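Starting off, we have a lone chain in the form predicted alone, written out as structure tokens.
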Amino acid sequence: MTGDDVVAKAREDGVRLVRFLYCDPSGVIRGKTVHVDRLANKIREGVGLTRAQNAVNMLEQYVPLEGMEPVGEIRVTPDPETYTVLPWLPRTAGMLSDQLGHDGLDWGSCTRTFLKRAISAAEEAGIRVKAAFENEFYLAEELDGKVKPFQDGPVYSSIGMDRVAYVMDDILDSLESQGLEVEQSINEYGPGQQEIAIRYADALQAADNQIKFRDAVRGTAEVQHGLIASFAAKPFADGVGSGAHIHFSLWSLDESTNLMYDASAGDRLLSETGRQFVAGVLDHLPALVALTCPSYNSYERLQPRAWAGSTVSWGPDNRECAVRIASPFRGREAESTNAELKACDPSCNPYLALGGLILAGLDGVLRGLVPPQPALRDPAAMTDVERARCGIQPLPSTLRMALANLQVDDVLHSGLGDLLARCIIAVRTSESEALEAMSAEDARRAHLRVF
């Protein structure tokens, strides 16, 4: 679609306001709203935004940072291809946006542009990445001043699905009307916890879909049902954590061949390219989790025996490994061979998470890395000798540790660029400092409300 197409479509749809949306380095979805009568100009020229806005953390605290002072502006510039009506709101549509300088180029801290760079680097190596975020989230309600999970039922049970069916039906309507293809919708282990799986797409669309997904779920639950939908990693102390597992596969540039599939792989599980990519992810994972598990609350979820992937590890259908090699579907082996990064949660900025994943895996391909032996058991149940044989090491137990690893990871740090890397580290460090000073319950509540 062109800008003119969007204007015509917005008028046809009866839209009055159009949101120019972006996801900032702290993982918060933000934006500016334009009236349809000004839409044509604003699609072309963008909307002004202070450089300092990206240095605002999830607690709405500005973090002083060189290059992001409250002086100077950038432009929030929408991608016409991402236009959709937001069905839970009156006469409102949205577009996902890039942040550009006055010259129309990346100003150094646009997370969507970072993902585009990672995609281009992979394609220069002959690899097209496809992905999907598999989200878990909580439905909750506020009663007597306290937020509590909404409804309950045994995991995967018809009882649990029945009790939230009318809410989930409206959520699925909101997703499907925006072009997201829903594959599964189930109730998960925690009281009030749900899971929805979306069909995979090219990497940029997969990240865009994640932004649309979070907004649609949260908006539909609140506006239509008076409920809270929380994508915090662990919003309740006695509830299980919520992941946003990234399923990914590698394809030829013409998308005719899944480069992770090898019919003769056998116990090697994946093709040579697939194994190299996984090896790169494992090599960079202690730093990568600063992007995929990026909130203070993330590390309450990232624990052993929580099915969160708390170690540097991989294995076939091993849900305690950080990287699970998913078993393919019979008759669709070549198409369905993929890997799943479990060490990822829905508080992440999907452009940073997926871009970091691509750069880490691509480094493994370019260096010809070989992964260790796959783990065939829960790493927590293995002996020290078995863990050493599989190269298993614990992942960072705090956000500060993950950020320290990101600081010295040359591939991820240079891929992000100086300004964006400094921003992420400074903003997230400020969050840690503020949240560490709170009670554990207040810190969880802050994440529940924001994400």
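One rule holds for the numbers: they count along the sequence shown, beginning at 1. On a predicted model such as this, the values are computed, not experimentally measured, just so you know.
As for the form predicted together with a small molecule, it is not shown, yet the points below apply to it.
Enquirer: Looking at 173 to 181, 370 to 378, 300 to 308, 96 to 104, which one sits within 4.5 Å of the small molecule in the model of the complex if you count heavy atoms only?
Expert: In the other structure, the partner sits against 300 to 308.
Enquirer: Would G243 show up as a contact with the small molecule in the model of the complex if we use heavy atoms at 4.5 Å?
Expert: Contact with the small molecule, yes.
Enquirer: So in the model of the complex, does D215 come within 4.5 Å of the small molecule, heavy atom to heavy atom?
Expert: Result no; D215 lies far from the small molecule in the model of the complex.
Enquirer: Since only the chain is shown here, I'm wondering whether D283 would be in contact with the small molecule in the model of the complex (any heavy atom pair within 4.5 Å).
Expert: So D283 does not count as contacting the small molecule.
Enquirer: Could you confirm whether R319 comes within 4.5 Å of the small molecule in the model of the complex, counting heavy atoms only?
Expert: Contact check for R319: yes, within 4.5 Å of the small molecule in the model of the complex.
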